[in-house]
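Shown here is one chain on its own, the form predicted alone, set out as structure tokens.
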């Protein structure tokens, strides 16, 4: 009986942490979407709000890291339980970095607004498709983590190549703009900075999907061609 009680309490503690991690995920999703809106429209007050919200994300990271550490010390999980806690810690780190990238986008949008360039030369349309793809992958990765959906995680990992391709298209477009009109160099470079932040957010979504597979299969698939292996098997 004491063992059953301890196991049930561990499940409750872990589920409480996972719930807060998913809330953190919702916050960084909103932060990313708002940052892209800032880049499109250049609302200075909205930019400041996105930048300010990064403090909330950072506080959540510290609090959740602490909660996971206490859970490990108090409950001493093993096997799959330990993998779940480790994966959760890694997801927390990736979500905090998504918040950082969103803040970079908002800062760039604010700088463009202050220079009076939003809506004129900021090349929003060049990054729109890429931003939509990354936002969708981030949402799906959090959903896969919430449900430990192995199949969805595999699909997300495969989709990361799409974002890399879209980043290459943005890079080529910006080089063309700069060559044709040197006056666009400054804003083209700002757009590339934003595109790189979006590409990194896609990478973080892929990381979260990899952690799902780590929990479900007990395999660390980082730096491997896991999707191609799955197709061949």
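Numbering follows the first chain given and starts at 1. Remember, predicted model here, so these are calculated numbers, not experimental data.
Keep in mind that the form predicted together with another copy of the chain is not shown, yet the notes after this line are about it.
- Taking the partner from the other structure, another copy of the chain in the model of the complex has no heavy atom within 4.5 Å of any heavy atom of residue 107.
- Another copy of the chain in the model of the complex is not approached by residue 161, whose heavy atoms all lie more than 4.5 angstroms from it.
- Not displayed here, another copy of the chain is approached by residue 90 to within 4.5 Å at the level of heavy atoms in the model of the complex.
- Contact annotation for residue 192: at least one heavy atom lies within 4.5 Å of another copy of the chain in the model of the complex.
- Contact here is defined as any heavy atom lying within 4.5 Å of another copy of the chain in the model of the complex, and by that definition each of 78, 196 and 207 is a contact residue.
- Just one listed stretch, out of 93-101, 152-160, 138-146, 124-132, contacts another copy of the chain in the model of the complex at the 4.5 Å heavy atom level, and that stretch is 93-101.
- Taking another copy of the chain as it sits in the model of the complex, the stretch 41-71 comes within 4.5 angstroms of it through a non-hydrogen atom at 58, 61, 62, 65, 69.
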